[in-house]
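Before any questions on how it binds or moves, here is one chain, the form predicted on its own, in structure tokens.
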């Protein structure tokens, strides 16, 4: 069966056996992935009159169906139950979603414009960028902010944990900024990471993807792509097999033919792995993987904070982005995740969890200098090798001290560093003990939520998989439009940059 283009259809899991005839579809463009990059690329092409088929490994979930617990979130929304791990001196989890809309569904909706110095860095180190590209990105971001209702977090739904952070930042003379988020009238329910069940977050699955469908695009969900198909060196489509969103039972095979080309936007881990499985060879493939690893420090307060009430993230400071390589921000997490962060067991853990209402968690994100590598593992799945450098770990320690100082400036009676070898809690007169943290990633409880690289752009054909327009070198009509193409860390949340990149590059495709 061949589906006609421009049918505006959503196709979910299709059961079948390996010997059944494959499910076939056809469009001008096939877009693999529906996160920040894929959704924008698909919509821009649809707006330009092209027929588009979006192919997403994860399922479609409506806001009313988002899970309420962290366990169910890992099961239903995250890539491999959130079990993707960066292998190295320490084993740090990589936070990625797997559902229609990608990580835009489960992030905190933070929107930060691409800093101007990034374009200078790209020009200096990678041969493209400069003011002209900055103007293109910023113009695209103007439009994105209007389309996604980007506004500062309203004071009425800020919540006490964010209010305390503002108080601390002002007391310490920090240059904070209003946290701008793609939220339409935030209710402050504190469940951004499970997906906004109030349907206030303007994630890609409730904005760009429905608009693309209304313009005639096709969406295939629960449909992981195994390979890009080529006719000689031209990307001619993709093949894969449906997978049931709950049981993970394999369903019917599928094939989507691309009359004009394929856009890969499957993430900084899956895009390089997909291209490797497809036989794409380049010395830089999978290399130059970068990240913003981070960790959180709890403050214990005399009065209830109730960090589950209010915006999940409503305060941030980028004051130390270029000087110390740090971003500081608030982050509210649910009780079950707090339990995983506190040491102890039995009665000890129960007693410590009893202070949940009086805890505030603020975090540090490090603009790390380390580079890693994505390789093709068993079954073609990505494996990430990454180890933070000694300098990165010094930044961790400096960030922890800054966050601890903030807590005490806001009136905390103690902090919980969550660092091996450091006492469970420290009072204001024990802050110097943080200086004893060794520059070893193994002592930290950390995650990697902002990842870049693996298919980086650039002008040097030896160091870049893609040209500055996202075209994969050595192949025709094959593009990468996600974080894997970004050749550096940003020091800020990447969603806005990814969306701007996809919009600019898609319009260049339309312009021929």
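Just so we're clear, the structure is a prediction, and the values are computed from it rather than from any experiment. Positions refer to the first chain, counted from 1.
Below, we turn to the form predicted together with a small molecule, even though it does not appear here.
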* Asked: Thinking of 55, 104 and 224 as one candidate spot, does the small molecule come within 4.5 Å of a heavy atom in every one of them in the model of the complex?
  -> yes
* **The unique member of 445, 467, 449, 70 whose heavy atoms fall within 4.5 Å of the small molecule in the model of the complex** => 449
* Asked: Pick from 114, 96, 207, 278: which has a non-hydrogen atom within 4.5 Å of the small molecule in the model of the complex?
  -> 96
* Work out which of the listed stretches, 295 to 303, 270 to 278, 129 to 137, 363 to 371, brings a heavy atom within 4.5 angstroms of the small molecule in the model of the complex. => 270 to 278
* Does the small molecule come within 4.5 Å of any heavy atom of residue 109 in the model of the complex? -> yes
* Asked: Should residue 454 be classed as touching the small molecule in the model of the complex when contacts are defined as heavy atoms within 4.5 Å?
  -> no
* To do: Give a yes or no for residue 193: in the model of the complex, does one of its heavy atoms lie within 4.5 Å of a heavy atom belonging to the small molecule?
  => yes
* Hey, in the model of the complex, does residue 494 get a heavy atom within 4.5 angstroms of the small molecule? -> yes
